[in-house]
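This document opens with one chain alone, in structure tokens, the form predicted on its own.
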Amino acid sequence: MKKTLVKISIIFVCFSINLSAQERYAIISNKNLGHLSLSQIKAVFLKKVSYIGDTKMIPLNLNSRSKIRKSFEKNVLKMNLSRLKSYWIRQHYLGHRPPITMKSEESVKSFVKKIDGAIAYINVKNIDSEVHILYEWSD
């Protein structure tokens, strides 16, 4: 009986550690942009919407090898890599280009702080009081 309880306790602890180890991410903007719905956010990143009200929207991506970007595409855009590539090939022929790609979360956050309408995604750990969280998710 004791051995069974110890095994169950170990399994529970391992499960709890795994849940707490999940990464949390957020889509951010500067303080001047109000609330956006998830569908508006998706439309901005897919360049289906260029303006929200009078604000020109500027979506920013991280590098395509970024773990955060992969999570964003899967959990927010709900598109796998091949579907997204296919989407941007079609958009290219319509004169639309994918979002600007930046190298780091710090460069993205710095850009978002300074430019109205810029939105991007970063790890929640890197958020400070100078940005506004539009949406959060976890892996």
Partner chain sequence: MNKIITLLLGLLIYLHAEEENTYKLGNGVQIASLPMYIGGYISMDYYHTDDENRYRIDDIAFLSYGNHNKFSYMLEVEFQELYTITETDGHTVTQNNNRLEIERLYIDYNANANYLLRVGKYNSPIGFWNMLPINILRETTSSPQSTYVIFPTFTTGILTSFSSFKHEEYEIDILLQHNQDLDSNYNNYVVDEHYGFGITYTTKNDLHLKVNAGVFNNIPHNGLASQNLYYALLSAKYENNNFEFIGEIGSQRSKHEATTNYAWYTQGLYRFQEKHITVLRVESYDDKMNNNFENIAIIGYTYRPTYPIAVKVEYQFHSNWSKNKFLSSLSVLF
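Residue numbers count along the first chain shown, from 1. What you see is a predicted model, and the numbers here were worked out from it, not measured in a lab.
Not pictured, yet referred to below: the form predicted together with its partner chain.
(message) If the cut-off is 4.5 angstroms on heavy atoms, which of these, K31, R65, K114, R97, is the one near its partner chain in the predicted bound form?
(response) Comparing distances to its partner chain in the predicted bound form, the residue within 4.5 Å is R97.
(message) Please tell me which of S110, S71, S104, S86 lies within 4.5 Å of its partner chain in the predicted bound form, judged by heavy atoms.
(response) When its partner chain is considered in the predicted bound form, the option within 4.5 Å is S86.
(message) in the predicted bound form, does each of A43, R90 and Y93 have a heavy atom within 4.5 Å of its partner chain?
(response) Heavy-atom distance to its partner chain in the predicted bound form: all three under 4.5 Å.
(message) My question is simply whether I52 lines the interface with its partner chain in the predicted bound form - judged by any non-hydrogen atom within 4.5 Å.
(response) So I52 counts as contacting its partner chain.
(request) May I ask you to check whether N80 falls inside a 4.5 Å heavy atom distance of its partner chain in the predicted bound form? (result) Because a heavy atom of N80 falls inside 4.5 Å of its partner chain in the predicted bound form, the answer is yes.
(request) Could you list the residues in 116-137 that come within 4.5 Å of its partner chain in the predicted bound form, counting only heavy atoms and keeping sequence order? (result) Nothing in the stretch sits within 4.5 Å of the partner.
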